[in-house]
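What follows is a single chain, given as structure tokens, in the form predicted on its own.
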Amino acid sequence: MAKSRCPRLIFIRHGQTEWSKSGQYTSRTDLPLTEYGVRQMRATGRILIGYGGNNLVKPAELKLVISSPRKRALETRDLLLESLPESQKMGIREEIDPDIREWEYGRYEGLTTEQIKADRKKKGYKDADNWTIWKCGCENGEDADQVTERVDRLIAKVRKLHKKAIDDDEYCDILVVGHGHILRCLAARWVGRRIDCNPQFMLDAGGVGVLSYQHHNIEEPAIYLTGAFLVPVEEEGHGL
């Protein structure tokens, strides 16, 4: 008898904000989505979740949506589910988890990478020209060890639910809505990689990725390379 599809963790970065557009580091600042970001995530939701032949996620198999507490993430979550009828939403549990909030940037909130490097150079940091968040962390913010602790806690929670689904031969997709740096950390930690060096992953605003397990085995976590996609949405000034 064929097994149910292996459980998956589908992660989505929130839609475009003014600061994601400008490249400013955004953690605690509670920005809404831009108009483009709203259209972007509505379009993604219609393609991502549903019963059409091209939908990645079937509503009946989506057991839990975990969101960062930030406005941009919650707005993204709601837009992703917006097109589903209420009867399909009823079986999807929603949860807000601060462990998937963005890396805390401290003094670097609202700055760009070049501004951060200039600030560190002014203060005499020897690593100013080579600063990365992964290796150096953020002044008055978090470092890689602190972020690892909370990402690993989230992964443990997801794995517990996925293990039960595998043992019971049930479908169990979990959707996580978060932010650029923290979701790259999630992908790295999912396969046991350290995050005190650049994991060399990219994730645009509105980007989607999939994590799962090889051989239907909870002990073989893997990045599902064929599961990531972006839905193009025309933005004013950037269309045809």
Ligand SMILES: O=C(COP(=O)(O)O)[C@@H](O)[C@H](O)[C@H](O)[C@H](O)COP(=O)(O)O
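Since this is a predicted model, take the numbers as computed values, not measurements. All residue numbers are counted from 1 along the displayed sequence.
Here the subject shifts to the form predicted together with the ligand, a form of this protein not shown in this document.
**Request:** Work out which of 146, 130, 113, 140 lies within 4.5 Å of the ligand in the predicted bound form, going by heavy atoms.
**Result:** That would be 113.
**Request:** Give a yes/no on whether residue 75 approaches the ligand to within 4.5 Å in the predicted bound form, heavy atoms considered.
**Result:** No, residue 75 is distant from the partner.
**Asked** Wondering, does residue 180 line up within 4.5 Å of the ligand in the predicted bound form on heavy atoms?
**Response** Contact check for residue 180: yes, within 4.5 Å of the ligand in the predicted bound form.
**Message:** in the predicted bound form, does residue 25 come within 4.5 Å of the ligand, counting heavy atoms only?
**Reply:** Residue 25: contacts the ligand in the predicted bound form.
**Message:** Does the ligand, in the predicted bound form, lie within 4.5 angstroms of each residue among 13, 20 and 105, using heavy atoms as the measure?
**Reply:** Per the other structure, all of 13, 20 and 105 touch the ligand.
**Request:** Name the stretch: of 38-46, 210-218, 25-33, 51-59, exactly one has residues whose heavy atoms fall within 4.5 Å of the ligand in the predicted bound form.
**Result:** It is the stretch 25-33.
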